[in-house]
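Quick heads-up: it's one chain on its own, the form predicted alone, in C-alpha cells.
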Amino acid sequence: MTKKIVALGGDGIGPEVVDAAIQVLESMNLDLEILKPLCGEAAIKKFGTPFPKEAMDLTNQSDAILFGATEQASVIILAYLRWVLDTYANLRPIKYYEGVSTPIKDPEGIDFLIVRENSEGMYPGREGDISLLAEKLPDYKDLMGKSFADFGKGKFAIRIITEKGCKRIAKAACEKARERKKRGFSGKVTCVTKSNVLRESCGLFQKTCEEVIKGYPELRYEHFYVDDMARRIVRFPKDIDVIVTSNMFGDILSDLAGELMGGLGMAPSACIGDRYAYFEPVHGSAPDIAGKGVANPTATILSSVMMLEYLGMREKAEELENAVKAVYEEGKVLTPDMGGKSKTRNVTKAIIQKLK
C-alpha cells in the first residue's frame, strides 16, 4: 500500500537537505508518494503565510512528514508539527559511523538513544512579567520564604510536567529499550532529571519513570541528575542504552551527544505521536550557508532511515543506512563540516550510487 509522505523543506538549508533526501528515496523505487507543498520563506512570499492551508491539509492526511528547518518567521510550522499534532516522543539516536571525525578517542561502538519528552517542560515558552504571578499568587512562598512580589521587576517562565506526559514518554522509552534489547543492546533505561532541586516537577518525572519501568521486568533502570549525565555522555558513552528525560534537558543533552557522532550534520531525529510522526535533522536552518550548496544532507537522510522504519520498511531502512555508512567509510565525498570539499549534491549522488 502506497504511503503518503509530505516533505516540508521550510527555511534556510531545510529545502536543500530535504530535496537531497527526496532524491535518495526516489532512487530506491519505494512505494511512496512524496508531496512537496510550498511552505516557509517561499510560501510567505507567495501567500503571506509560511504554512498555507494546502500544506496543512496535506500534512494532516500524511502517513509521515519529512521536515527541514524553520527560522523565526516560520516557527508556526514547527509549532503545528510538534504541539498541534502532539508528536510527544522525540527520538534522537546517537550512533558513530566509521570514518566520521569525532572528539572521542575511541568512538567505535557508540550507539544509544535519547528519548526526549517533546510537548511539555519549558517549551513552548510560557513566560511573562513577575508582577502577574505576584497578582495571581499573592500567598505563594518559595523555599527561601520569598513571595513573587519580593523580586520586583522581572520575567518568569513556567515549567509544565504532567502525569500523562510523564507516563507516555516513560512508556515510549521502555518500548524502545525493549526493541533494542532484542537487537543485542543492554536493555537499560536511564532517567535524567534535576529532582534534587526541582523536587516537584522532576520528582514527578522520576517517580513516574520508576513506576512505568516496573511493567518491564526484562529492563534495567538507573537515574542520574542532568549535570552528571552531561559528564557521563562524554566520559562513558558506550555504557548508555536509552536515556529518557524532559524537554529542555533532552534538547541540550542530545546536541551535546551529537558531537560524539561527528556533529549536528550527522544527527537525525524523529518526533512520534499516537497518530502523526515527523522526521527532521537536528541541525536547524543554518542561514549562514543557505544557498551555497554545501549543507550536509546526512542528518536528513538518516532521518529518512528512521521514517522508513516507522513505516514498516525495515529492510529498505537498513539498505539506506548501509549506503550512508559506505560513503563515510570511504571518506572520499564529504561536505566541509566533515572536513571535505564536496557539495550537497555530491554526497547525495554518492549515497545513491551505493544503493545500486
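In this text, residue numbers run from 1 along the sequence as written. Model, not experiment: these values are computed from the prediction.
The same protein has a further form, the form predicted together with a small molecule, not shown here; the description that follows concerns it.
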query	finding
Residue among I130, I110, I160, L78 with a heavy atom within 4.5 Å of the small molecule in the predicted bound form	L78
R82, K207, K95, K171 - the one with a heavy atom within 4.5 Å of the small molecule in the predicted bound form	R82
Stretch in contact in the predicted bound form with the small molecule, which is absent here, among 213-221, 139-147, 232-240, 281-289 (heavy atoms within 4.5 Å)	281-289
Close approach of F151 to the small molecule in the predicted bound form, 4.5 Å, heavy atom	no
The small molecule contact in the predicted bound form: Y123, any heavy atom under 4.5 Å	yes
The small molecule contact in the predicted bound form: S304, any heavy atom under 4.5 Å	no
E259 within 4.5 Å of the small molecule in the predicted bound form, heavy atoms	no
